[in-house]
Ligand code: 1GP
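Here we start with a single chain on its own, the form predicted on its own, put down as structure tokens.
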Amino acid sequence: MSNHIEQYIKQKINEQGCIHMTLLDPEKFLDLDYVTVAKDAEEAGTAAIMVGGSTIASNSELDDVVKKIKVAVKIPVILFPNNLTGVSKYADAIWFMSLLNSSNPYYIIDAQALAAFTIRKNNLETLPMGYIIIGNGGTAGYVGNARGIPLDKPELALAYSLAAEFLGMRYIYLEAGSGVKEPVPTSMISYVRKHITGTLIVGGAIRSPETARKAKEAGAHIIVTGNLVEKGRVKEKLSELIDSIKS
């Protein structure tokens, strides 16, 4: 199975220190708006387009979205699956993720097992990720039955992160959740980063260049924003945010 997307991510991080990825949830866009948003995000300097969401219910819908985005941009399109319906053979890669602090084994390993044959059959590149909900986690936390890590307990976030690494996962995602008020605390980001060797991803409630810069300075390798691109002025807002983590 190819690993060219993983090599691309590593190269970008080596060059820039911290990179940005844009998360698009197709169900939050009407008509072809997500295509325009993807193009604007690419022009603003985002490193990849992540496609997924907490409530996607149709493989055919996802296939259609991924194909249209890939025609519009040259950067990688990476799946961010919420369920079995989050898998599309047309993407460049898939975050093969386990919601480690879910109380439901379905989101820890069962969904992954059910999707594994489809992923192998379609030769999708897999990016193994330990996905950890911080705080209440918004929609992702609710849908995934997560026992959110308290914002003032960085040692718990580290415990799950180390467990993920020991299981062979090369990416750790600290997720505050969509639409929440508080991002992952910088103290938690720096504490986890200090003790892990993998790639640290941070997302949720990152709406300003200042918040993104603080996450980068705390040690994030990849910063993900989603809600920010759902409210217009995409290129302008993302350019400011991406410039803040490149400077």
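Start at 1 and count along the sequence shown; that's the residue number. From a predicted model like this one, the values you see are computed outputs, not experimental measurements.
The protein also exists as the form predicted in complex with SN-glycerol-1-phosphate; that form is not presented, and the subsequent description refers to it.
- Contact with SN-glycerol-1-phosphate in the model of the complex, defined as a heavy atom within 4.5 Å, is made by none of N136, L151 and P185.
- The chain is drawn here without SN-glycerol-1-phosphate; in the model of the complex, the stretch among 41 to 49, 66 to 74, 209 to 217, 174 to 182 whose residues come within 4.5 Å of it by any heavy atom is 174 to 182.
- This chain appears without its partner; in the model of the complex, the one residue of C18, I9, V234, L23 with a heavy atom within 4.5 Å of SN-glycerol-1-phosphate is L23.
- Among residues of the shown chain, N227 is one whose heavy atoms approach SN-glycerol-1-phosphate to within 4.5 Å in the model of the complex.
- Contact annotation for A205: at least one heavy atom lies within 4.5 Å of SN-glycerol-1-phosphate in the model of the complex.
- The shortest heavy atom separation between F80 and SN-glycerol-1-phosphate in the model of the complex is within 4.5 Å.
- Interface membership of Y107, defined by any non-hydrogen atom within 4.5 Å of SN-glycerol-1-phosphate in the model of the complex, is ruled out.
- Residues of 126 to 142 that come within 4.5 Å of SN-glycerol-1-phosphate in the model of the complex, judged by any heavy atom, reduce to Y131 alone.
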